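Taking the form predicted alone, here's one chain by itself in structure tokens.
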């Protein structure tokens, strides 16, 4: 028996991936229905009108991350966009040109730089920073706690990781405003969504960053200090092409410093901000975390799963291949969607719900997998645990100030960060 017109109208509309425009700001803001449709109907999906294939299932993303022969990290050409304006190209030509070091390098070249950065981000160094991180977190809270309100991003989640990574690099505190401006420029460049005017502004800021750090590198060569820049300029590497031991070139230094700067603060800012928003939207979970601070480490893993501040990463297809029966031609682009994979129903029960006690929260791939696993993961986790421990021990009755918050996300394909979060609170009575 056929359905009546009214009955058909009352049925929920069935959707498919083609009903969504991934590049639309509304979809980027709230992509979860799109992700579910992808995982159920098109786990390898050719975004219409592009040579981009999006991979959304957790198991597939993990598997493809291991195949560095077929799927290359050498996506440097994507950073400039398809056709950079002559004005933008002219600005970049004033400084050092990009080279493939870590995130955009494949084996065996990748290993040279990754080994070096692993030494810079060694466990002993990160563990020794915990008390220092705690001091910074409490100093920041001291700056606004008496007011009972704050601009959470501007006054806490931005300065905390910026101070930490800048101090470790050796950047003076007086220069941190410029440091954040430069970091934002790199992040927006990654978005592939900047306007022509913004592209020019970003290029000027990135060149300013290069000259600043070139000067700092030369200072550290002459006067070494106990910081990461000194480690980078004084360490010898085996040349990836010749095997001859040498110092890093300025192009290599610029590339590594750029990656350390962006990875060291943008993603952590976004994770702490998004985590606080999720907790405020789930007051029962927030109260449980305040009552049981021993759960904070697991809650951080759940927040990383939910927020996935590195929402996805590019791979360049080096040869024709087939994934889930989908032909993927050579030179296509894969968008490995970490944000979708971390909401995969096949692995995470009720994936769109925050569950600070989730037993498999740590199965997320917010930091990637394999040889390109984020070298700053240990630092980010420690900063997040320190941040939430400090905040939840000192603030009570935390609320979102909707009149001053912008709970939309910046339009960015690769990075995911909230635009604005203003909170009110009371001072927590210490036991």
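Quick caveat, the model's predicted, so the values are computed rather than measured. Positions refer to the first chain, counted from 1.
Although it is not shown, the form predicted together with ligand HEM is what the next lines describe.
Engineer: Does ligand HEM come within 4.5 Å of a heavy atom in each of 102, 259 and 368 in the predicted complex?
Structural biologist: Looking in the predicted complex, the three residues 102, 259 and 368 all sit within 4.5 Å of ligand HEM (heavy atoms).
Engineer: Which one of 190, 165, 141, 203 is close to ligand HEM in the predicted complex, taking close to mean a heavy atom within 4.5 Å?
Structural biologist: Selected residue: 165.
Engineer: Only one of 121, 182, 213, 348 has a non-hydrogen atom within 4.5 angstroms of ligand HEM in the predicted complex; which is it?
Structural biologist: Selected option: 121.
Engineer: Hey, in the predicted complex, does residue 254 get a heavy atom within 4.5 angstroms of ligand HEM?
Structural biologist: Flag for residue 254 set to no.
Engineer: Taking heavy atoms and a 4.5 Å cut-off, does residue 340 contact ligand HEM in the predicted complex?
Structural biologist: Residue 340 lies outside the contact set for ligand HEM.
Engineer: Residue-level contact is defined here as any heavy atom of the residue lying within 4.5 Å of ligand HEM in the predicted complex; does residue 379 satisfy this criterion?
Structural biologist: Output for residue 379 is yes: heavy atoms within 4.5 Å of ligand HEM.
Engineer: Under a 4.5 Å heavy atom criterion, is residue 112 part of the interface with ligand HEM in the predicted complex?
Structural biologist: Close contact is absent here: in the predicted complex, residue 112 is far from ligand HEM, nothing within 4.5 Å, heavy atoms only.
Engineer: Heavy atoms within 4.5 Å of ligand HEM in the predicted complex: which of the stretches 27 to 35, 43 to 51, 368 to 376, 391 to 399 has them?
Structural biologist: Looking at the partner contacts, the answer comes out as 368 to 376.
Engineer: Under the 4.5 Å heavy atom criterion, name the residues of 260 to 284 that approach ligand HEM in the predicted complex, in sequence order.
Structural biologist: 260, 263, 264, 267, 268, 271, in sequence order.
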